[in-house]
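Only one chain comes next, encoded as structure tokens, the form predicted alone.
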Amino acid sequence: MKILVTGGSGLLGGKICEIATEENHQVYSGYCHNVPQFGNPFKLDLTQNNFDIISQIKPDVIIHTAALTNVDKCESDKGLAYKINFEGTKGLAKIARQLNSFFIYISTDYVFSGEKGMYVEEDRPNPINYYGYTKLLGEDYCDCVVRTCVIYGARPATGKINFALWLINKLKEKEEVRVVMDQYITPTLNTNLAEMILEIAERRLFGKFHLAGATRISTYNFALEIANKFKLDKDLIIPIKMDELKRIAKRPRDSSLDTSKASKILKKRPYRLDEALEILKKELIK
């Protein structure tokens, strides 16, 4: 296939480009600031809404991973968040329709309020911050909506470090870290997520899919599991409550995603946390 990935230098986009290249797909990786490592790179600024280059590429599939994901930045600069996360997505979807390209949109667990957790695809979204709101708006324009939760992986996205690598680095330096104990998630290994998304692309599966890790866990216990796996000092991990963090935007208390649908339909199933951390450990050794 000819696959176009936005956010090609990001944690997820970069991994999709890497795996798709290994599988001999023709890969085009869009970027705004940092040149991607994999695929044929091309400049793409979602704020400009100028997608002529995509018309020239004529991809079979567009996988839209790019977004303004800084939750507090979205809250403080709503205009920018709306422009990138909604208007940019809407513009890409329009081009996809014109080219008959299958359009996959990476959404978020933050479209939910976090009042109940283990959300299924049919649950009614109710975002409590502007980031979740803008991502929800984009869902109406896509062939396939992929919602995911707390992505982590072995390689840092350019200019940005994910929770697992941040924690490992801090603990190796013998630094104390404060981690919330009353927030529940289904953390997702980028390799597992990329493989599932590529299967959806190959099979052209329409609709909504919750693609996340198969284990619901508190952020604090997630940190403990990482420390145990990498034989690091878990006593350096200090539990705190969400309310102790003075953040601009509200966060859902339990945005965990139920991945039963994906487990039934996809050959590449969501990994349990123990499986994912084992793969992460092997990838970090490479």
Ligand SMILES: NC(=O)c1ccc[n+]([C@@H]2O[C@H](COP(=O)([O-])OP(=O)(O)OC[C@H]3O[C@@H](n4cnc5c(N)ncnc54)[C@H](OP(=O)(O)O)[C@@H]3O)[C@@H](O)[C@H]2O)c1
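Keep in mind it's a predicted model, so treat the numbers as computed, not measured. A residue's number is simply how far along the shown sequence it sits, counting from 1.
A second form of this protein, the form predicted together with this ligand, is not displayed here; the remarks below concern that form.
- Highlighted residues F38, I200 and L205: none comes within 4.5 Å of this ligand in the predicted bound form, counting any heavy atom.
- Taking a 4.5 Å heavy atom cutoff to this ligand in the predicted bound form, the contact residue among T215, T108, S101, Q183 is T108.
- Note on the partner interface in the predicted bound form: the residue among K160, K174, R178, K94 having a heavy atom within 4.5 angstroms of this ligand is K160.
- For L232, no non-hydrogen atom is located within 4.5 Å of this ligand in the predicted bound form, even though that partner is not displayed.
- Contact annotation: Y28 falls outside 4.5 Å of this ligand in the predicted bound form, judged by heavy atom distances.
- In the predicted bound form, this ligand sits within 4.5 Å of a heavy atom of H33.
- Using a 4.5 angstroms limit between non-hydrogen atoms, I151 touches this ligand in the predicted bound form.
- With the partner left out here, this ligand still marks one of 52-60, 216-224, 65-73, 239-247 in the predicted bound form; by a 4.5 Å heavy atom cut-off that stretch is 65-73.
- For the stretch 180-196, the set of residues having any non-hydrogen atom within 4.5 angstroms of this ligand in the predicted bound form is empty.
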